[in-house]
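Shown next as structure tokens: one chain only, the form predicted alone.
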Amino acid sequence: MKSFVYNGQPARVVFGSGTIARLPEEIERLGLKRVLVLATPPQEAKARRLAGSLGGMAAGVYARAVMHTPVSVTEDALQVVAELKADGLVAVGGGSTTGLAKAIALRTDLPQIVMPTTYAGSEMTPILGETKDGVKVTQSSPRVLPEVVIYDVDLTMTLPASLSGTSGMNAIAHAVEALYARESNPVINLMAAEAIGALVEALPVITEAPHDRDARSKALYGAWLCGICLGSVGMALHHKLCHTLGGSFDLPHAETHTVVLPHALAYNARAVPTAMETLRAVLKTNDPAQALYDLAGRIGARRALSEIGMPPDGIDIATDRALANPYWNPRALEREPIRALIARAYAGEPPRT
């Protein structure tokens, strides 16, 4: 067995059904008195009900979180934190809300309790991606890792099937890339394989039967493990491309991951034989990249960047930006193959190994 280093990220996880009821005791356990409840505009009503249930523990609600964590929104939220004298954060929602909580915590070190309503997985990571002037910059800091994550399957039951599918594919991408990360290790490999298997099994069921509680539980379990993978090892081409595309063209986060995943895997396939062997076993196929492309189609996800808002001239822009700052990848980053990858993803063509 090769030598390796495993860093376990410290976080308290409460998993189950009805676990939202544990929120007051988790707030008390952290010694907090006035928490600010964060959400996106569509989740504002849910956030206000939650704040109401907390009584005097809630300082207020800030429901302006948006995709890609713009610095301007964070600065606005910081003013509210100061005005309300909040001593902690409760984020209820998906990656956008979690991202805002992390951005605030980075600047204030306020404790965070996150209650995910999607399968984004960012709640288990010390990673923060922020956007300013159309550029998304990612950093890692222990200050942004949430102190507590409450997974309540009930909170995911109303997530539309279409969003469940792309959110789940986003999670799968974390685990797939973790299998061939530079810091890959046996512990993360076990989690990644388990996570991918759980989500691949659950997502088609959710597409057909969105209220299937067993499938929802399995998907949330898989997403949790995918988040651990994302937070424990470095990422490579896939995540770099998605951050570049999302920040450059304001593309929807989960949908971008869904489109790019098969193509990025195909690009790296020959350079990561051990990871491909694991994926062949988990996905029960000789062509994992094609299987992930087919899975996206099976759950009704769009498979072309052109369908989710990327302009035609974006191919060259994305290529230039993806290659602008060197980063580790198992296969050398070559301009023409990278451009061809993005072009196929733009057109919605099948991946090419």
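We number the residues from 1 along the sequence you see. Just so it is clear, the structure is predicted and the values come from calculations on it, not from any experiment.
Here the subject shifts to the form predicted in complex with ligand NAD, a form of this protein not shown in this document.
- Checked against ligand NAD in the predicted bound form, the candidates Asn268, Ser96, Thr278, Ser248 yield a single residue with a heavy atom inside 4.5 Å, and that residue is Ser96.
- Think of it this way: in the predicted bound form, ligand NAD has a heavy atom of just one of Leu230, Val259, Ala192, Ala91 within 4.5 Å, and the residue is Leu230.
- For a residue to qualify, one of its non-hydrogen atoms must sit within 4.5 Å of ligand NAD in the predicted bound form; none of Ala173, His238 and Gln290 qualifies.
- Residue contact with ligand NAD in the predicted bound form: Val282 places no heavy atom within 4.5 Å of it.
- Of the heavy atoms in Ser72, none are within 4.5 Å of ligand NAD in the predicted bound form.
- With a 4.5 Å cutoff on heavy atoms, Lys46 counts as touching ligand NAD in the predicted bound form.
- Contact between Leu128 and ligand NAD in the predicted bound form is found at the 4.5 Å heavy atom cutoff.
- Heavy atoms within 4.5 Å of ligand NAD in the predicted bound form map, among the stretches 270-278, 151-159, 203-211, 184-192, onto 151-159 alone.
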